[in-house]
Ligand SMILES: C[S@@+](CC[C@H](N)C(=O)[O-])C[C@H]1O[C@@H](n2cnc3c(N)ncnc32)[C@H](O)[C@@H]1O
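Presented as structure tokens, the chain that follows is alone, the form predicted alone.
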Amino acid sequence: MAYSPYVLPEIYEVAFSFRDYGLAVDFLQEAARKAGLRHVRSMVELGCGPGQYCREFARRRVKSYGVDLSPEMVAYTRRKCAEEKLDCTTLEEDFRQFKLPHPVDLAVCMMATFGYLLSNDDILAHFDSVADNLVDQGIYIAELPHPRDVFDSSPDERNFIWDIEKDGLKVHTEWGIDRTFDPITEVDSETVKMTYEKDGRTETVAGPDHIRNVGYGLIRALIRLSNRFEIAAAYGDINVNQPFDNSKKAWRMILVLRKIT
């Protein structure tokens, strides 16, 4: 079946349930604290999908928002929040240009969602919008792939294939197949495919995906050009004890940005 997995939030959430979101939010709160944000009273998850982060923050009595362009993801997150009676509001907006009802203390953009900003102009517009929706000295944390994974490996080696089962739902994910790389735009065009099985029924969904490969030098230059943020810290794992470097233990590029006022 040839349509995007992004229209199937339940399948997508199970596929990414390998991450411990409680521990991830512990990290985000600690990283924000180390960057000078003593208390996180409000936050927004950008490109929230099923809202794993904004929902977890809301469980901790943090006023939370989720922003996503997919109406299916927004409706799903809204329903899950209503079921748990969470103080979490979801907005169907583009994270390059969005407007929250009130500025928040913390913004997060997790996994490789930042890669959907496909041009320098997209990234600069995004920085402006995030800064406009943060309080003074607010913190923005963005998780990107480690540059080693996108620049030191062949396209085939960057395919990610995994299986996971939760609540009777089995999901087989192939992320990044049929990948082609445009060295001018630095964009990977690829296919995302998920095969899921539930109640004896098996379905496959597949759709195109486009991800920008952003290196450390480029992102630092764009942060400086934007003049909206400064880099407060950089981590190589969801662990404040792991710096961003080229060691084997560093497998992510997690930037902690502080709003310039």
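The first residue of the shown sequence is 1; numbering continues from there. All values derive from a computational prediction rather than experimental measurement.
The same protein also has a form predicted together with the named molecule, omitted here; what follows describes it.
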Can we say T173, G176 and T195 each have a non-hydrogen atom within 4.5 Å of the named molecule in the predicted complex?
no
Using a 4.5 Å heavy atom cut-off, state whether T113 contacts the named molecule in the predicted complex.
yes
Any of the heavy atoms of Y21 lying within 4.5 Å of the named molecule in the predicted complex?
yes
Would F229 show up as a contact with the named molecule in the predicted complex if we use heavy atoms at 4.5 Å?
no
With the partner left out of view, is L69 within 4.5 angstroms of the named molecule in the predicted complex by any non-hydrogen atom?
yes
Using a 4.5 Å heavy atom cut-off, which stretch among 134-142, 187-195, 70-78, 160-168 contacts the named molecule in the predicted complex?
70-78
Let me know the one among E93, D105, D87, D149 whose heavy atoms come within 4.5 Å of the named molecule in the predicted complex, would you?
E93
